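Only one chain is shown below, in structure tokens, and it's the form predicted alone.
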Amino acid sequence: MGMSKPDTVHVTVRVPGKVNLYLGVGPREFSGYHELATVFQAVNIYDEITVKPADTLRITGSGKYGHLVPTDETNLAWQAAQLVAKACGEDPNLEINIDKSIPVAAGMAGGSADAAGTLLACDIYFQAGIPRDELDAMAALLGSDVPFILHGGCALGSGRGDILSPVMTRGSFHWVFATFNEGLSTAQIYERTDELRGLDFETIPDVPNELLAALAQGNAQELGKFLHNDLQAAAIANRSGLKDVLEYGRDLGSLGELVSGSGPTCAFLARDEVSAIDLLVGLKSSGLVDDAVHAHGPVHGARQIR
């Protein structure tokens, strides 16, 4: 605490993106939030967050999507740095570089990942030793997906998605993500969901036991049957082409497909690595998507790599 940092200190933390295998969304509450029942899986599409000394707090972007990184206080990473600095009585005089491979505004929690990575990197940088439960509480303040990205793996999320319990999984699951250059607004997708469902919608979401059993058995074929997203109808209503993309992936042999989170990324579960590569090639040449990437999960959450 309160230690001065030598100029050579660089801390780099790697953070994964996520896919929601199941996303059940309850009615809108008075607070404006929705009760969620979700299953997160962290996948090996990573951002790298590097924190180093600077004369003031600033954010830079690099990598595939670096040009899309917000460099002001709207970035959750900025807010994360301020939270940690305040907690340990330091000035947040840091440069935070975000080397970005997780697509932006894509329903894969890229912004949340950067916040989680910055929390951990700043904790290490300031040698603060913040207890894990306090880091989790800071994460929940920043956003409902941030606690999951700190932990990674596979987890059941309730509340706003920030109350987590680990889910048993066996083996590895292969995914192909179809991505788009233009993102979708999470807030707009929730609003559209409320509109489509009407004011009298009262269903409380619940994750099916069959989905959890399929994860525990490592059974991709069975898992594919239970993939579900309550936000998908709204994402398709806002961008009709997503329906064609999902159907195309199904025709190419996907075991299950859904819009990831608030979209527009579409996630396709493949039988194995070979099938995933076939799917990838098919989607890339379809003319329906801007890019596609093969990934697997579950993987670790935020971790220091340098």
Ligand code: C5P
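Note that residue numbering begins at 1 and tracks the sequence as displayed. Remember, predicted model here, so these are calculated numbers, not experimental data.
The form predicted in complex with cytidine-5'-monophosphate (C5P) is left out here; the points below concern that form.
- With the partner left out here, cytidine-5'-monophosphate (C5P) still marks one of 182-190, 94-102, 217-225, 163-171 in the model of the complex; by a 4.5 Å heavy atom cut-off that stretch is 182-190.
- Contact check for Gln79: every heavy atom lies farther than 4.5 Å from cytidine-5'-monophosphate (C5P) in the model of the complex.
- Among residues of the shown chain, Gly143 is one whose heavy atoms approach cytidine-5'-monophosphate (C5P) to within 4.5 Å in the model of the complex.
- Under a 4.5 angstroms non-hydrogen atom cutoff, cytidine-5'-monophosphate (C5P) in the model of the complex lacks Lys52 among its neighbouring residues.
- In the model of the complex, cytidine-5'-monophosphate (C5P) lies within 4.5 Å of some heavy atom of His34.
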